[in-house]
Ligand SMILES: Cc1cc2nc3c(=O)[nH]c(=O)nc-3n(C[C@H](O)[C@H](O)[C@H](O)COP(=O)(O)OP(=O)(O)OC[C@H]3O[C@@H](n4cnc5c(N)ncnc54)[C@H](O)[C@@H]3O)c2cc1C
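Have a look below at one chain only, the form predicted alone, in structure tokens format.
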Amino acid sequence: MKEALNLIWFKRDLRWQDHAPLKLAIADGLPLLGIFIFEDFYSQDPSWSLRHWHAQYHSLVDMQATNKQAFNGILVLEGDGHEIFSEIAEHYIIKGIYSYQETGEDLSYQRDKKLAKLFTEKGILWKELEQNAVQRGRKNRIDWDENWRNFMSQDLDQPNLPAWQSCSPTLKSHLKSKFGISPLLQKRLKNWPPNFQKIGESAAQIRLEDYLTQKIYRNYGAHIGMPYESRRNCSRLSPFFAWGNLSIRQVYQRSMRELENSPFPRDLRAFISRLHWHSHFVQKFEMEESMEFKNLNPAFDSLKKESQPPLVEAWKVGQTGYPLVDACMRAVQETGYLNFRMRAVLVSFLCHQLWQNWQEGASFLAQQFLDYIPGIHYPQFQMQSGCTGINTIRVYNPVKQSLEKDPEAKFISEWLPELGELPLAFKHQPWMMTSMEQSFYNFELGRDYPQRIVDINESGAYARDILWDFRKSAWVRNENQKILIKHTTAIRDPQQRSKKIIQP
């Protein structure tokens, strides 16, 4: 007779604390097997990169180090999820599979639909729980903010790890022999890149406590937009959210306790508000899964831009001739991190100054971010590209941003050493140097640093004129109202909603 068991499927939730599926799975009392899968299909996803698996692998290493006994109940496998779950179901009775709902890319969504069909055929109950107050199946945002606050105020879901009843070692041995992580992949993931932020639940807890108790947040408002200072005064919790080393609820509740006696309440409130933003954007993506590929506002499909691969390539390799843009690109490729404003500058430069579609760069930047979250990445990319119709168009001037956000060129100097010997003004605008000045500093524009690939005054004006004029069309405005009805709580009365639709 087949043995009955439960499965806990880990994905972007690599932690022991505040883990509702794990808590329920252990409490059910049946033998339990934990599974994490490095899934084959991710290599087909253009947004995937090895650094994402690096983060997951080292998060798992941290879980093992902090609770080896419980981790012995988790198998780290490599392969196709459908094959792995089918193999387990062939030899054991799977009563239930516990996991968090995943707001992921289209490929993960297709995988989930395929697995849901398999589980139904096998009579397996798949218990997917909401994470970070993101709700599946929502049609609008009515009462969503209230739901978010209620969710964040609930007690943390702390699993009773000592009660974990592990399943048969025979099953684990069989699965490991058939689907165990290959030595080649393990070798590629073993060494953590030195310029990456340390990952894992332990590092997450330390960073959170340091950030709050040492009052590092005290300059949050002033430094959030600065590429150099933000590396310290921003929370740097985003990679931990991306791979589930922390839950938003853990950070929210800990921050609210700190707020009670904080000497810098304004900065801390600004930080807490970003926690709400996080869930807000993931919820938007959950309700608009096509945002990975298509404009949120379909009217912008008619706004044609000619693809120019040489310009996109210069943007990708940090050779645009604009120091702030190039420093940002080089920094994110080397470290996996960039603050919010500088991410916006990169997207704006691609979509406005180079006049390229956002799809030309979205997957590439996703590959660079150590904190890549599809539900944050794609809504933000579309917002900064100006194609949502509902957000203010921001055509960032990289020179103005450079002078304001990196006035001493600390960030530029760090990532563009070829400009290191130039006077401060020329680090921001090297093209302002005369031939004599270039000779004096033994620097040649076009040899030591590239010429500008576009004139931002001309390209910026061109983008503003077209985008602002385009937004006036009845088609764009009608689609805007549909978006606002679905994704905001401002218009609740159905009669009011219908009156808001603009006639051509």
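Throughout, we count residues from 1 along the sequence that is shown. A quick note: this is a predicted structure, and the numbers were derived from the prediction, not measured.
Below, we turn to the form predicted together with this ligand, even though it does not appear here.
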Subject >> Listed residue that, although this ligand is not shown, lies within 4.5 Å of it in the model of the complex (heavy atoms), from Tyr322, Phe381, Trp243, Trp315 >> reply: Phe381
Subject >> in the model of the complex, the one of Arg236, Arg111, Lys284, Arg141 near this ligand [non-hydrogen atom within 4.5 angstroms] >> reply: Arg236
Original post:
Going by heavy atoms within 4.5 Å, which of 160-168, 275-283, 425-433, 294-302 lines up against this ligand in the model of the complex?
Top reply: 275-283
Original post:
Would Ile224 count as a contact of this ligand in the model of the complex, using a 4.5 angstroms cut-off between non-hydrogen atoms?
Top reply: yes
Subject >> 4.5 angstroms heavy atom contact with this ligand in the model of the complex for Ile88 >> reply: no
Original post:
Though only this chain appears here, would Leu338 touch this ligand in the model of the complex if you measure heavy atom gaps against 4.5 Å?
Top reply: yes
Original post:
Heavy atom to heavy atom, is Phe271 within 4.5 Å of this ligand in the model of the complex?
Top reply: yes
Original post:
Mind listing which residues of 354-376 have a heavy atom within 4.5 Å of this ligand in the model of the complex?
Top reply: Phe369, Asp371, Tyr372, Ile373, Ile376
